[in-house]
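Here's a solo chain for you in C-alpha coordinates, the form predicted alone.
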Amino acid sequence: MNKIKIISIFGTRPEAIKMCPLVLELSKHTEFESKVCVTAQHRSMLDQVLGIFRINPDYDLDIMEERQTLSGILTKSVLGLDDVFEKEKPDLVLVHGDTSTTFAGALSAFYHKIPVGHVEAGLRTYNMYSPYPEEINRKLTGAIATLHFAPTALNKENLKRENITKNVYVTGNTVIDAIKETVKDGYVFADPALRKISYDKERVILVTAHRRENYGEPLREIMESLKEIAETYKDVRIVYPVHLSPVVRETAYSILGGVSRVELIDPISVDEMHNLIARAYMVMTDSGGLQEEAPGLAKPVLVLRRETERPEAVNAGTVKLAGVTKQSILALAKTLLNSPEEYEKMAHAVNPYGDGHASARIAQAILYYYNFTKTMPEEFNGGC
(Lines give C-alpha, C1' and ligand atoms only; values in the text may rest on other atoms or scores of the structure.)
Protein backbone atom coordinates (compact mmCIF):
# COMPACT_ATOMS: atom_id res chain seq x y z
CA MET A 1 0.00 0.00 0.00
CA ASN A 2 1.61 3.23 -1.20
CA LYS A 3 -1.23 5.45 -0.05
CA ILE A 4 -4.27 5.03 2.16
CA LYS A 5 -7.38 5.85 0.13
CA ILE A 6 -9.97 7.43 2.42
CA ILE A 7 -13.51 8.53 1.65
CA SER A 8 -15.09 10.86 4.22
CA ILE A 9 -18.89 10.73 4.15
CA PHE A 10 -21.24 13.30 5.67
CA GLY A 11 -24.53 14.90 4.82
CA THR A 12 -25.71 17.41 7.43
CA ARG A 13 -24.48 20.76 8.61
CA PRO A 14 -23.36 19.53 12.07
CA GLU A 15 -21.42 16.66 10.48
CA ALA A 16 -19.78 19.03 8.01
CA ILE A 17 -18.71 21.44 10.74
CA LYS A 18 -16.88 18.62 12.49
CA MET A 19 -15.60 16.74 9.44
CA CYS A 20 -14.25 19.65 7.40
CA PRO A 21 -11.29 20.27 9.76
CA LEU A 22 -10.44 16.58 9.48
CA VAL A 23 -10.68 16.63 5.68
CA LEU A 24 -8.28 19.60 5.65
CA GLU A 25 -5.92 17.76 7.99
CA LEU A 26 -5.92 14.63 5.82
CA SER A 27 -5.00 16.76 2.79
CA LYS A 28 -1.75 17.75 4.52
CA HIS A 29 -0.45 14.17 4.55
CA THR A 30 1.12 12.63 1.46
CA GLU A 31 0.29 9.17 2.81
CA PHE A 32 -3.44 9.77 2.24
CA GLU A 33 -5.50 9.90 -0.91
CA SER A 34 -8.50 11.74 0.52
CA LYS A 35 -11.90 12.06 -1.12
CA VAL A 36 -15.21 13.47 0.11
CA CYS A 37 -18.72 12.19 -0.55
CA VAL A 38 -21.75 14.12 0.70
CA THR A 39 -25.27 12.76 0.77
CA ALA A 40 -26.74 16.28 1.15
CA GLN A 41 -29.22 15.03 3.73
CA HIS A 42 -29.30 18.77 4.47
CA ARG A 43 -28.76 20.72 1.25
CA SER A 44 -28.40 24.47 1.78
CA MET A 45 -27.10 24.21 5.35
CA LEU A 46 -24.48 21.68 4.25
CA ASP A 47 -23.38 23.86 1.32
CA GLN A 48 -22.84 26.82 3.65
CA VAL A 49 -20.26 24.88 5.66
CA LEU A 50 -18.51 23.48 2.60
CA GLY A 51 -18.14 27.03 1.31
CA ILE A 52 -16.66 28.32 4.56
CA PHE A 53 -13.99 25.60 4.55
CA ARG A 54 -13.51 25.74 0.75
CA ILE A 55 -14.15 22.03 0.30
CA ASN A 56 -15.52 20.72 -3.00
CA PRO A 57 -16.93 17.18 -2.64
CA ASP A 58 -15.78 14.55 -5.09
CA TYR A 59 -19.24 12.97 -4.94
CA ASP A 60 -22.60 14.55 -4.16
CA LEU A 61 -25.57 12.17 -3.85
CA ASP A 62 -27.99 15.12 -3.51
CA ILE A 63 -30.66 13.03 -1.79
CA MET A 64 -32.62 15.76 0.00
CA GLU A 65 -36.30 16.11 -0.79
CA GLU A 66 -39.21 17.92 0.85
CA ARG A 67 -40.51 16.22 4.00
CA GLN A 68 -38.02 13.40 3.62
CA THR A 69 -38.36 10.36 5.86
CA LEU A 70 -35.71 8.54 7.85
CA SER A 71 -36.12 5.39 5.74
CA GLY A 72 -35.90 7.46 2.57
CA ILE A 73 -32.64 9.07 3.69
CA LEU A 74 -31.17 5.69 4.61
CA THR A 75 -32.15 3.79 1.46
CA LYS A 76 -31.18 6.55 -0.98
CA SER A 77 -27.82 6.99 0.74
CA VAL A 78 -27.00 3.28 0.77
CA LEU A 79 -27.94 2.91 -2.90
CA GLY A 80 -25.95 5.99 -3.90
CA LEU A 81 -22.88 4.86 -1.98
CA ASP A 82 -22.91 1.53 -3.82
CA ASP A 83 -21.72 3.26 -6.98
CA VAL A 84 -19.13 5.36 -5.14
CA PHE A 85 -17.57 2.38 -3.38
CA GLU A 86 -17.58 0.21 -6.52
CA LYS A 87 -15.69 2.91 -8.40
CA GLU A 88 -13.24 4.07 -5.71
CA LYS A 89 -12.64 0.89 -3.66
CA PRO A 90 -11.33 2.88 -0.66
CA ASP A 91 -9.16 1.43 2.10
CA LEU A 92 -11.14 3.28 4.78
CA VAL A 93 -14.48 5.06 5.08
CA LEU A 94 -14.84 7.82 7.67
CA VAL A 95 -18.26 8.70 9.06
CA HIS A 96 -19.19 11.09 11.81
CA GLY A 97 -21.45 10.93 14.82
CA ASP A 98 -25.02 9.74 14.64
CA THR A 99 -27.08 10.89 11.67
CA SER A 100 -28.92 8.73 9.16
CA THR A 101 -26.07 9.50 6.74
CA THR A 102 -23.63 8.18 9.35
CA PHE A 103 -25.36 4.84 9.67
CA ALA A 104 -25.92 4.60 5.90
CA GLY A 105 -22.22 5.19 5.27
CA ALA A 106 -21.19 2.57 7.82
CA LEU A 107 -23.74 0.02 6.61
CA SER A 108 -22.84 0.46 2.95
CA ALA A 109 -19.12 0.18 3.74
CA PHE A 110 -19.84 -3.03 5.65
CA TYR A 111 -21.70 -4.45 2.64
CA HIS A 112 -18.58 -3.72 0.57
CA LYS A 113 -16.23 -5.08 3.28
CA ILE A 114 -14.51 -1.71 3.72
CA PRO A 115 -13.24 -0.77 7.21
CA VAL A 116 -15.05 2.12 8.88
CA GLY A 117 -13.58 4.84 11.07
CA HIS A 118 -16.17 6.40 13.39
CA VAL A 119 -15.41 10.01 14.27
CA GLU A 120 -17.11 11.15 17.51
CA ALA A 121 -17.60 7.59 18.72
CA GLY A 122 -18.96 6.46 22.09
CA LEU A 123 -21.60 9.06 22.89
CA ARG A 124 -24.57 7.50 24.69
CA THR A 125 -27.76 8.41 26.54
CA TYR A 126 -28.87 4.75 26.87
CA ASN A 127 -32.36 5.83 25.83
CA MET A 128 -33.02 4.52 22.32
CA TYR A 129 -35.66 7.16 21.63
CA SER A 130 -33.76 10.19 22.93
CA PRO A 131 -32.17 11.56 20.89
CA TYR A 132 -34.15 9.92 18.12
CA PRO A 133 -32.93 8.40 15.83
CA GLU A 134 -29.38 9.37 16.77
CA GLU A 135 -28.88 7.04 19.75
CA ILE A 136 -29.46 3.93 17.66
CA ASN A 137 -27.56 5.32 14.66
CA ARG A 138 -24.39 5.75 16.70
CA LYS A 139 -24.71 2.40 18.47
CA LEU A 140 -25.15 0.54 15.19
CA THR A 141 -22.29 2.49 13.63
CA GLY A 142 -20.10 1.59 16.60
CA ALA A 143 -20.92 -2.09 16.11
CA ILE A 144 -19.74 -1.88 12.48
CA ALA A 145 -16.68 0.38 12.88
CA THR A 146 -13.08 -0.83 12.98
CA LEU A 147 -11.56 2.44 14.21
CA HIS A 148 -13.25 4.44 16.97
CA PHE A 149 -12.27 8.08 17.52
CA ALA A 150 -13.75 8.94 20.92
CA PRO A 151 -13.76 12.62 21.89
CA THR A 152 -13.32 11.96 25.63
CA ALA A 153 -12.25 9.29 28.08
CA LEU A 154 -15.89 8.86 29.14
CA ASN A 155 -16.84 8.05 25.53
CA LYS A 156 -14.09 5.43 25.52
CA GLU A 157 -15.54 3.90 28.69
CA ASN A 158 -18.99 3.77 27.06
CA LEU A 159 -17.51 1.73 24.21
CA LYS A 160 -15.71 -0.54 26.65
CA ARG A 161 -19.06 -1.35 28.31
CA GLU A 162 -20.21 -2.57 24.90
CA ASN A 163 -17.08 -4.73 24.57
CA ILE A 164 -15.51 -2.39 22.02
CA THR A 165 -11.89 -2.17 23.18
CA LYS A 166 -9.72 -2.47 20.06
CA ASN A 167 -8.56 0.54 18.06
CA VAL A 168 -10.23 3.10 20.32
CA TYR A 169 -8.46 6.47 20.39
CA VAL A 170 -9.33 9.44 22.63
CA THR A 171 -8.86 12.43 20.35
CA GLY A 172 -10.88 15.39 21.61
CA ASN A 173 -13.69 16.75 19.45
CA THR A 174 -12.99 18.15 16.00
CA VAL A 175 -15.52 20.93 16.57
CA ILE A 176 -12.93 22.71 18.70
CA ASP A 177 -10.58 22.52 15.71
CA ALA A 178 -13.31 24.20 13.64
CA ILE A 179 -13.78 27.06 16.12
CA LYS A 180 -10.10 27.96 15.81
CA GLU A 181 -10.70 28.58 12.12
CA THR A 182 -14.03 30.42 12.24
CA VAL A 183 -14.02 32.84 15.21
CA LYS A 184 -12.31 36.12 14.26
CA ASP A 185 -11.69 39.40 16.06
CA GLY A 186 -13.66 42.19 14.40
CA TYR A 187 -15.92 39.75 12.57
CA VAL A 188 -18.71 41.52 10.64
CA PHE A 189 -21.97 39.59 10.44
CA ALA A 190 -23.53 39.05 7.03
CA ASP A 191 -27.06 38.77 8.45
CA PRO A 192 -28.59 42.28 8.87
CA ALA A 193 -30.46 41.21 12.02
CA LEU A 194 -27.18 40.21 13.66
CA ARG A 195 -25.40 43.38 12.56
CA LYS A 196 -27.93 45.68 14.22
CA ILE A 197 -27.63 44.11 17.71
CA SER A 198 -25.77 46.11 20.38
CA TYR A 199 -23.71 43.29 21.84
CA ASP A 200 -22.13 45.56 24.46
CA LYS A 201 -25.54 46.80 25.71
CA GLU A 202 -27.80 43.76 25.38
CA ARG A 203 -27.49 40.27 26.79
CA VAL A 204 -27.94 38.04 23.78
CA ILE A 205 -29.36 34.54 24.26
CA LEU A 206 -28.69 32.29 21.30
CA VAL A 207 -31.37 29.62 20.88
CA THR A 208 -31.63 26.54 18.70
CA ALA A 209 -34.44 24.00 19.01
CA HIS A 210 -35.26 21.42 16.38
CA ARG A 211 -34.97 17.85 17.70
CA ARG A 212 -37.63 15.37 16.58
CA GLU A 213 -38.24 14.13 20.12
CA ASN A 214 -39.20 17.70 21.09
CA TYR A 215 -41.89 18.03 18.42
CA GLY A 216 -45.30 18.80 19.87
CA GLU A 217 -45.83 19.87 23.47
CA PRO A 218 -42.11 20.02 24.46
CA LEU A 219 -41.37 22.45 21.61
CA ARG A 220 -44.36 24.61 22.56
CA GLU A 221 -43.17 24.69 26.20
CA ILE A 222 -39.71 25.78 25.02
CA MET A 223 -41.20 28.58 22.92
CA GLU A 224 -43.45 29.77 25.76
CA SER A 225 -40.45 29.96 28.11
CA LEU A 226 -38.51 32.05 25.57
CA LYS A 227 -41.48 34.38 25.22
CA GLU A 228 -41.62 34.93 28.99
CA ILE A 229 -37.87 35.61 29.16
CA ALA A 230 -38.12 38.23 26.41
CA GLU A 231 -41.11 39.91 28.10
CA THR A 232 -39.46 39.89 31.55
CA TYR A 233 -35.89 41.05 30.85
CA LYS A 234 -35.69 44.33 28.97
CA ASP A 235 -31.90 44.05 28.42
CA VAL A 236 -32.15 40.58 26.84
CA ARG A 237 -32.39 39.88 23.14
CA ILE A 238 -33.18 36.35 21.99
CA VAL A 239 -31.71 35.29 18.66
CA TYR A 240 -33.21 32.11 17.23
CA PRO A 241 -32.02 30.81 13.85
CA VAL A 242 -35.09 28.71 13.08
CA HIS A 243 -34.52 25.28 11.58
CA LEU A 244 -36.02 24.69 8.14
CA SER A 245 -38.28 21.89 9.42
CA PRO A 246 -41.89 22.95 8.75
CA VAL A 247 -42.92 21.60 12.17
CA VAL A 248 -40.32 23.74 13.95
CA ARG A 249 -41.01 26.88 11.93
CA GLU A 250 -44.78 26.69 12.42
CA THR A 251 -44.41 26.35 16.21
CA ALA A 252 -41.73 29.04 16.54
CA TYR A 253 -43.48 31.67 14.47
CA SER A 254 -46.92 31.02 15.97
CA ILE A 255 -45.65 31.68 19.52
CA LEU A 256 -42.66 34.00 19.08
CA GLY A 257 -43.52 35.85 15.89
CA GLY A 258 -43.85 39.57 16.64
CA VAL A 259 -42.58 39.29 20.23
CA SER A 260 -40.39 42.27 21.12
CA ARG A 261 -36.63 41.54 21.39
CA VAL A 262 -36.97 38.13 19.74
CA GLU A 263 -35.15 37.77 16.43
CA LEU A 264 -36.41 34.83 14.39
CA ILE A 265 -33.98 34.43 11.53
CA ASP A 266 -33.18 31.79 8.95
CA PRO A 267 -30.38 29.28 9.66
CA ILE A 268 -26.97 30.93 9.56
CA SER A 269 -23.59 29.78 8.33
CA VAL A 270 -21.07 28.15 10.64
CA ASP A 271 -18.84 31.23 10.84
CA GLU A 272 -21.87 33.40 11.69
CA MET A 273 -22.95 30.87 14.34
CA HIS A 274 -19.54 30.56 15.99
CA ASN A 275 -19.00 34.32 16.09
CA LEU A 276 -22.52 34.79 17.45
CA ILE A 277 -21.76 32.32 20.25
CA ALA A 278 -18.58 34.26 21.01
CA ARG A 279 -20.62 37.47 21.52
CA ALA A 280 -23.65 35.92 23.21
CA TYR A 281 -24.39 35.93 26.93
CA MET A 282 -25.51 32.30 26.96
CA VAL A 283 -26.88 29.51 24.78
CA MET A 284 -30.15 27.58 25.07
CA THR A 285 -30.26 24.58 22.76
CA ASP A 286 -31.40 21.03 22.11
CA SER A 287 -28.51 20.59 19.68
CA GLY A 288 -25.62 18.26 20.37
CA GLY A 289 -22.86 20.30 18.75
CA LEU A 290 -23.60 23.55 20.56
CA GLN A 291 -23.07 21.75 23.87
CA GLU A 292 -19.44 21.40 22.79
CA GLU A 293 -18.96 24.63 20.86
CA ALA A 294 -20.28 27.06 23.48
CA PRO A 295 -18.06 25.80 26.36
CA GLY A 296 -15.13 26.19 23.97
CA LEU A 297 -16.03 29.88 23.86
CA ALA A 298 -16.72 30.17 27.63
CA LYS A 299 -20.50 30.48 27.31
CA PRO A 300 -22.98 28.75 29.65
CA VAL A 301 -25.37 26.32 28.00
CA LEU A 302 -28.87 25.25 29.02
CA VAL A 303 -29.77 22.01 27.26
CA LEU A 304 -33.43 21.87 26.24
CA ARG A 305 -33.69 18.11 26.62
CA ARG A 306 -34.35 15.54 29.32
CA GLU A 307 -30.94 13.87 28.96
CA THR A 308 -27.68 14.40 27.13
CA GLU A 309 -25.12 12.12 25.56
CA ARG A 310 -22.52 14.76 26.46
CA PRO A 311 -22.41 14.54 30.27
CA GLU A 312 -18.77 15.71 30.41
CA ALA A 313 -19.85 19.35 30.22
CA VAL A 314 -22.54 18.80 32.85
CA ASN A 315 -19.89 17.29 35.14
CA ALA A 316 -17.50 20.14 34.37
CA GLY A 317 -20.19 22.73 35.12
CA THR A 318 -20.39 24.41 31.69
CA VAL A 319 -23.78 22.87 30.83
CA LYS A 320 -27.03 22.30 32.73
CA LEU A 321 -29.94 20.11 31.71
CA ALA A 322 -33.01 22.36 31.61
CA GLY A 323 -35.57 19.78 30.53
CA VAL A 324 -38.49 20.60 28.25
CA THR A 325 -41.07 22.15 30.54
CA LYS A 326 -41.60 25.88 30.83
CA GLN A 327 -41.16 25.75 34.60
CA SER A 328 -37.82 23.92 34.56
CA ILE A 329 -36.39 26.00 31.70
CA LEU A 330 -37.36 29.32 33.32
CA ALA A 331 -35.90 28.31 36.68
CA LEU A 332 -32.41 27.79 35.27
CA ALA A 333 -32.56 30.66 32.78
CA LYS A 334 -33.58 33.15 35.47
CA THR A 335 -30.79 31.94 37.73
CA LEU A 336 -28.21 32.74 35.05
CA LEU A 337 -29.85 36.06 34.25
CA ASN A 338 -30.26 37.13 37.90
CA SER A 339 -27.08 35.79 39.53
CA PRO A 340 -23.68 37.04 38.28
CA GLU A 341 -21.98 34.52 40.59
CA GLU A 342 -23.80 31.52 39.07
CA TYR A 343 -23.16 32.85 35.58
CA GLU A 344 -19.42 33.24 36.20
CA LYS A 345 -19.21 29.72 37.62
CA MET A 346 -20.56 28.23 34.39
CA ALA A 347 -18.76 30.58 32.03
CA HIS A 348 -15.33 29.86 33.46
CA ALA A 349 -15.58 26.12 33.97
CA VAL A 350 -13.02 24.04 32.06
CA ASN A 351 -14.07 22.90 28.57
CA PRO A 352 -13.72 19.10 28.52
CA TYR A 353 -14.11 18.62 24.78
CA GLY A 354 -10.85 19.44 23.12
CA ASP A 355 -7.72 21.48 22.56
CA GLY A 356 -7.91 22.04 18.81
CA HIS A 357 -5.77 19.05 17.82
CA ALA A 358 -8.39 16.31 17.41
CA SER A 359 -8.00 16.10 13.63
CA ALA A 360 -4.24 15.67 13.93
CA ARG A 361 -4.72 12.85 16.44
CA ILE A 362 -7.19 11.10 14.14
CA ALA A 363 -4.79 11.35 11.20
CA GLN A 364 -1.98 9.97 13.36
CA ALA A 365 -4.18 7.09 14.53
CA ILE A 366 -4.98 6.14 10.93
CA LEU A 367 -1.30 6.18 10.02
CA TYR A 368 -0.58 4.00 13.05
CA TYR A 369 -3.32 1.50 12.23
CA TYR A 370 -2.06 1.08 8.67
CA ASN A 371 1.58 0.76 9.83
CA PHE A 372 2.76 4.00 8.25
CA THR A 373 4.14 4.98 11.66
CA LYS A 374 5.08 3.18 14.85
CA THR A 375 3.93 6.11 16.98
CA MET A 376 0.47 6.09 18.52
CA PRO A 377 -1.21 9.47 18.96
CA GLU A 378 -1.17 10.86 22.49
CA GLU A 379 -4.63 10.70 23.98
CA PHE A 380 -6.51 13.90 24.69
CA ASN A 381 -6.61 14.09 28.48
CA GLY A 382 -9.26 16.74 29.05
CA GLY A 383 -12.26 14.40 29.11
CA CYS A 384 -14.10 13.39 32.26
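Just so you know, these numbers come straight off a predicted model, no measurement behind them. Quick note: we count residues from 1 along the sequence shown, nothing fancier.
One more form of this protein, predicted together with a small molecule, exists but is not displayed; see below.
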TODO: Considering only heavy atoms, tell me if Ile222 and the small molecule come within 4.5 Å of each other in the predicted complex.
DONE: no
Open item on the list: Please tell me whether any heavy atom belonging to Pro21 falls inside 4.5 Å of a heavy atom of the small molecule, as the geometry stands in the predicted complex.
Closed with: no
- [ ] Evaluate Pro267 for contact with the small molecule in the predicted complex, applying a 4.5 angstroms cut-off between non-hydrogen atoms, and reply yes or no.
- [x] yes
Task: Heavy atom of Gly142 within 4.5 Å of the small molecule in the predicted complex - done: no
- [ ] Counting non-hydrogen atoms within 4.5 angstroms of the small molecule in the predicted complex, say which of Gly296, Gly289, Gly80, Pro90 makes the cut.
- [x] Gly289
Task: Answer option from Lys156, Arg211, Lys76, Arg124, heavy atom within 4.5 Å of the small molecule in the predicted complex - done: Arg211
Task: Options 251-259, 271-279, 228-236, 183-191; stretch whose heavy atom lies within 4.5 Å of the small molecule in the predicted complex - done: 271-279
TODO: May I ask whether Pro14, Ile17 and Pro241 all come within 4.5 angstroms of the small molecule in the predicted complex, judged by heavy atoms?
DONE: yes
